[in-house]
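Coming up is one lone chain in structure tokens, specifically the form predicted on its own.
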């Protein structure tokens, strides 16, 4: 299927590794020119060169922390009017809520709720003027099925989801959609960090925890960033203009509810 995206421009934050890279790869394959951001310059440049060689698209890099004012300003200077915005940022660390003071909470909200909202605010009106826009927020399966040790993520990402539920109903008549993609267990650094945290807490090895988690998933495995990226690309497509305010859960069937 031709997704109707060739020649469009996407801003993908935290796009050098993991799920962000998966989205960048799938969009580049569809002929989308990219601006990708990340804090680590070396990995960012390596990913950009990989995408250029594989797909022949223009890839601009912006090294910086998207959760800061300076990081957002730099990204928007490089890409002031994207057709597609993929909001992504590393999740806050796991832990016990008793240990989290106000500053810890503010940092989590800044990274996983306020930053995406500010980026949406910066680009959505230009999308409306052009009568095309696709905004994807990478959140977490924890929005539907909270994970106790990820309370910071549960709170911040659910706040973003609630905000988007209202805004997305106002923009869709202009062919500007806003959706969430909710990852379950994917082969990423984030997943490995969670295994490390739980290994220290339980005394079990990381490999033991990893094997048990994979076997417990109905799919019997973890997802790949390629699978995640392709789901993102479809929601960005010309064909997806009637899908908005939705939260697509990609978790191999782990969520036990009827309406996932």
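Numbering follows the first chain given and starts at 1. Only a predicted model underlies this, so the values are computations on that prediction, with no experimental measurement involved.
One more form of this protein, predicted together with a small molecule, exists but is not displayed; see below.
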Kindly indicate whether 64, 139 and 191 are, all three, within 4.5 angstroms of the small molecule in the predicted bound form, using heavy atoms.
yes
Sort through 127-135, 159-167, 87-95, 74-82 and report the only stretch with a non-hydrogen atom within 4.5 Å of the small molecule in the predicted bound form.
87-95
At 4.5 Å between heavy atoms, is residue 184 in contact with the small molecule in the predicted bound form?
yes
Since only the chain is shown here, I'm wondering whether residue 26 would be in contact with the small molecule in the predicted bound form (any heavy atom pair within 4.5 Å).
no
Spell out, yes or no, whether the shortest heavy atom distance between residue 218 and the small molecule in the predicted bound form is within 4.5 Å.
no
So, in the predicted bound form, is residue 14 in contact with the small molecule at a 4.5 angstroms heavy atom limit?
yes
